Structures are given as C-alpha cells and as structure tokens.
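So this one's two forms of a single chain, laid out as structure tokens and tagged structure 1 and structure 2.
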Structure 1
C-alpha cells in the first residue's frame, strides 16, 4: 500500500510523459517506414526494415535547405536588430537624465504590451505593401523587429535599472561620452539579459506563421513553418516522407533545447508575463 501511494504520482506523470513524447516517436518511426501501407500495418512499433530514402526525398522535395536558411537568417537578423534598437532605447530612458521624458516613453512602450498583435495584421499588411516590400524578406524582417521591441525594452530596461549608478559616474570622470558609456560599459554588463531576450525573440520569429504565410508568395522566399505546410499539402498522400520532413523541422529545435533548456525555459516564461 505504501509503495503504491509512493509510485502513483510517477505512474500518472509517466503517462503524461508518454502522451507528450509518443507523437514524436510515432513520427520518427513512420519516417523510416517504406510507405503508408507499412505504417498502416505496424503503426506503433519500430519498423522491421529501415528506409532512409524518405529523408533524401524530403530534403529535395520539401526544399528544406532553402526554407531552413531563410528562417535562420530572418530570425537571427530580426532578433539582433530588435535587441540593438531596444537596448539603445532602454539605455536612454534608464541611464540618461531627461526627467519626465523617461517616464512618458516607458509608459508608452508598456501600452504596446497590452495590444493583441494578431489583430494588427491587416494594417501591417497595408504598411508593408505601401513600403513596396511585400513579397521580399523585408516584409517579415521589419515587422518582426518592431513586434519584439516593447518586450525587449521592458526586460532590458529592468536589467539596466538594476545596475549601480556609480558605474557611469566613474566613466564620466574618465571622459567617456554617452554613446561610449553605452557601448563600452552598459552593453557588456547587459549581455546575460540580452541572451534571454534573444532566445525568446528568435523562437518567436522562427515559429511565426501568419505573416510569413500571407506576406510572401514566392516559393524561394518561404520560411520553414510555411514551407512545411506547403510540403504537407503537396505530398499529403505520402506520410512516410512527410514524417521525415517533420523530423527535419523539429530536430534543430530539440537539439538546441537539449543544450540550452534552462536558459530557454527561463526566457520563455519571462516572456509570457507580457500577456
């Protein structure tokens, strides 16, 4: 009875774990099966013979490499620029003495956090069209940079505010001007917070679907999530190959997660408080 009581939580939790992990295993096993028929005959288990051809086919048919690098460079570039612009803004409003402007600007950014950004999609579509960048990567990069700015400012401003003010006093004595203080003193000290916001922004951009789906129509420009949906629509009948495609798109995230899980969990849950 005692052992039952002790192991019951584990039984329930392992059941939940199975619910989370089994879909991934199902896809992984299916990806090395010959065809739909082989999946139908043996849906749950490891295949009798491993067929790796699906991976070769999916790589070519799904243009994984194109989509992967599109996603990678759009996500990295947007996240880095967001952090650069937001850290300048955060430095100005937390470390430079401009009286009431600091408070006004910060409150304005806080308002931005309350806006449900999906509902802004149509006006953003219109802006992007007017700028003449629809159907180029800029149509994603600029909105992604802008979208991350309020959250990035709030996290970085909170961090910069906690740095002691003696730091700049010493720097001013040494003759540094404001940009110098920002670049040589504040930025290096803020790196830990920047890593956290980078992870959140990067994952958000990497996974973004709506803008990427509607703002680009040229196949060569697509990002991974949109490319995968299109691949699914084209090769819907071939589930083995589709599974290989899913593995390609899930694997990088799983690997990064395995290495950086603590930092990712910390960052993403901090990001959620924005609501």
Structure 2
C-alpha cells in the first residue's frame, strides 16, 4: 500500500507528460513521413520510411532559413538588451538608497504590468510610424524590449533583494563605486535569475505574431511565426513539409532549455531563499 502511494504521483506525472508531449511527437513523426497519404494511413505511429528531405524542402522552398534567422537575432537581441536595462534599474531601486523614490519607481513598473499588450497596439503603431522605422526590424525590437522590461525588473529586483548587504560593504571597503559593484559583484551573482528571464523573454519574442504580422510587409524581413502562416497557405496540402517547418520553430527553444536548464532551476529557486 505504501509503495502504491509513493508511485501514484509518479504515474500521474508520467501520464501528464505523455499528454503534453503527444502533439509534438505527432508533428515530429509526421515531418519524416513520405507524404500526406503516409500520414493519413498511420497518423499516430512511427513512420515505416524516414524522409528527412522534408526538412531540406521546407528550409529552401518556404524560406524557413530567412524567417528562422530573423526571429533568432531579433529575439536574442531584444532579450539581452531588456535584461541589461532592467538589471541596472533593479540595482538602482534595490541596492541604492533613494528614499521614497525606490517605492514610487517600482510602483510605476507594476502599473506597466497591468496594461494589456493588445490595448497598446495602436499607440505602438503610431510611435513606430512617426519614428520612421515601420517595416524594419527595429519596429519589433524596440517594442519587444519595452514590453519585457517590467516583468524583467520585477524578477531581478526580487533576486537582488535576497543578496546579503555585507557583499556590498566589503566591495566598498575594497574601493569599488556603484558601477563597479553592479558590474563585478551584483551581475555575476544574478546570472541565474538573468538566465531565467532571458528564456521567458526569448519565448515571448520568438512566438510573437501580432506585431510581426502588422509591422513588417517585406517578405525577407518577416519572422518565423508569420512565415509559418504563409507556409501553410502555400503548402496546405503537404503536411509533412508543414510539420518539418513546425519542428524548426520548436528546435531553438528545446536547445536553449537543454543547455541552460540548471541555471533556470537555480534562478527560480534561489530568489525565494533569503541570503
């Protein structure tokens, strides 16, 4: 009976994992099947013949390569810049004595979290148009950075508050000023939290569709989510190549998480323990 009680949670979690992974496995198997007929005859099974040429065709025919690298560099650049700006702001309101200004500024950041992104669509469009960056990648990079800053500040500020003040006192005794403390002490200690928010921001930027769809009209500038919609329209009868394109869109997220999973877990848990 005791063994059953111990194994029951694992069985439930395993079942939940299978439910979550099933759609991706379906897409993965479909991407290496010969054609639509092979998918129809054996929709949920392992293919009898693996056709990896679907990935080559999708990469070339549907311009997945162009959309892929557009999304990659826009997502990475936006995430890195938002972390840089938010970490400096979080350091100022958590580790520097500014009196009531710390509370006021942090409250303004919280207000920024309350505004729905869809409600800002028209104002963002007007700003981007007046700046003259419509139909350029800057039309996505700047809004992505601005949108990620409030959430990033909240996470990094919570992590920085958990760091003991004795670290800064020792750094001041060694002759470091505020920029030196931030760059040489706080940033290295905050890397786990930065990795966590990087993954969250990267996922949001990588999967974002509305701004990318409305702000970019040139085909060579479009990102992967928008390109996948066009791929579906152009190759709507070739589900094997469509599945290969979906795998391309999922691959970077899986790779980044596999490489940084330890830092992600450390960043999620470390901020909850008072240093």
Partner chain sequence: MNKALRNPVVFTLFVVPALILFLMFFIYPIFSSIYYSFTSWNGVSATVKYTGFSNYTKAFGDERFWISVKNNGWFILFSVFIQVPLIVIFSLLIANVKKLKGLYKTAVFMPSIMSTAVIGILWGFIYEPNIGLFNKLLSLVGINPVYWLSDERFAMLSILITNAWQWTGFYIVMVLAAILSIPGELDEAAAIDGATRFQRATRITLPLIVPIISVVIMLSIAGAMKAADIVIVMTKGGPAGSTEVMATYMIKYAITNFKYGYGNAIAVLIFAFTLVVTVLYQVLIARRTERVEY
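Numbering follows the first chain given and starts at 1. Rigid core here is just the name for the largest C-alpha set that superposes within 1.5 Å across the two forms. These numbers come from a predicted model, not from an experiment.
Structure identified as the form predicted on its own: Structure 2, not 1.
Core-aligned C-alpha movement of residue 54 between the two structures reaching 2 Å: Moves: yes, 2 Å or greater.
Threshold 2 Å Cα movement between the two structures at residue 244, rigid core reference: After core superposition, the C-alpha of residue 244 moves 2 Å or more between the two structures.
Cα displacement of residue 22 between the two structures, once the rigid core is superposed (Å): Comparing between the two structures after core fitting, residue 22 shifts 5.2 Å at its C-alpha.
Per-residue C-alpha deviation between the two structures [residue 253; rigid core superposition; Å]: Reported C-alpha shift between the two structures: 3.7 Å at residue 253.
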